[in-house]
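Quick heads-up: it's one chain on its own, the form predicted on its own, in structure tokens.
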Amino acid sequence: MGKNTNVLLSVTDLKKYFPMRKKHLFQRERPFLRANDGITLDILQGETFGLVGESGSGKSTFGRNILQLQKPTEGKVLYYGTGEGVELTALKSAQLRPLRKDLQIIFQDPYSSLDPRMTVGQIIEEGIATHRFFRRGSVEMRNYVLRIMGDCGLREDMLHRYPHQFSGGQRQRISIARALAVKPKFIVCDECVSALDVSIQAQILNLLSDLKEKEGLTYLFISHDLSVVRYLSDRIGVMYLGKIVEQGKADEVFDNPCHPYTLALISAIPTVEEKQGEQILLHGGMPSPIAPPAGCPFHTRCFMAQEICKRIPAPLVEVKSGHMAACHFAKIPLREKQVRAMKK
């Protein structure tokens, strides 16, 4: 993609391969698990970019690679929050430290992501003190922590309590407060509502939406739940087997899915309204990322697969303005895709 003046993060050909143990002593080549396999996308200032896909598709790995919590095998991540493009992948740990306050993450599990030996106040003020916003133990620090807690729906009397004394939704609010306290510009929300009850999910999603408007935040929102992603996201990327197979504006992707995998995911969303087509059932499981199939990675489960799909990978191309898909038959009308799916 060309450089856009509104781009906050630009990811180019990002790959993350995890080395696996050889099956036997005489195996020549070491196998690799291809968690991310050549991802290119831009995340714009002030938007929520939703990333969806099945478990094991590489979504969480991608979020951690952007933040350099894991070092990518190949590729570049350019961060423009400083005014000039900074290549995060080229920085060492000490060079990344000043940028950590700009790039935060909210983890999936609020039960294991908080230190059980620290109080709520200590958890939130840790990052503030590390980046020297205020001196630890000062009146300014206490007042600032209480303000952040209030913004995240936490009462003042919770300041000296421990994580085990809170419900899952309250713990996730603490995690959000911890991330928000250092005034970040970009936050990775890694399945941050999947462990919560549906009623609590709605509260956390509304909180994230309000904070985005108030603080001018940019989100990468990772989830396997398309209905949640549609509610929060401005643009959506669909991942399958370590690759982006479709991306575009949220409404455009949902109203006119161009990739068969996206169509199948959307057809499975529960709804009280009458659907245009029946649910599309995908047969078989996702292939192993250690030995992905040749050609299009989705062809083993695809209801539109032809001989070309087995041999030639489909590049991610623009179908409409801002709407891209990696499918040889992306331009076939939606109704025809649905008919083919029902005949399969």
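A quick note: this is a predicted structure, and the numbers were derived from the prediction, not measured. Residue numbers here begin at 1 and follow the sequence given.
Below: the form predicted together with a small molecule, not depicted.
- Proximity to the small molecule in the predicted bound form, defined as a heavy atom within 4.5 Å, holds among Q45, T40, S60, T300 only for S60.
- This chain is drawn without the small molecule; in the predicted bound form, the residue among S55, Q279, Q306, Q27 with a heavy atom within 4.5 Å of it is S55.
- In the predicted bound form, none of the heavy atoms of V319 sits within 4.5 Å of a heavy atom of the small molecule.
- The small molecule in the predicted bound form is approached by A35, whose closest heavy atom lies within 4.5 angstroms of it.
- Of the heavy atoms in P293, none are within 4.5 Å of the small molecule in the predicted bound form.
- In the predicted bound form, the small molecule lies farther than 4.5 Å from every heavy atom of D151.
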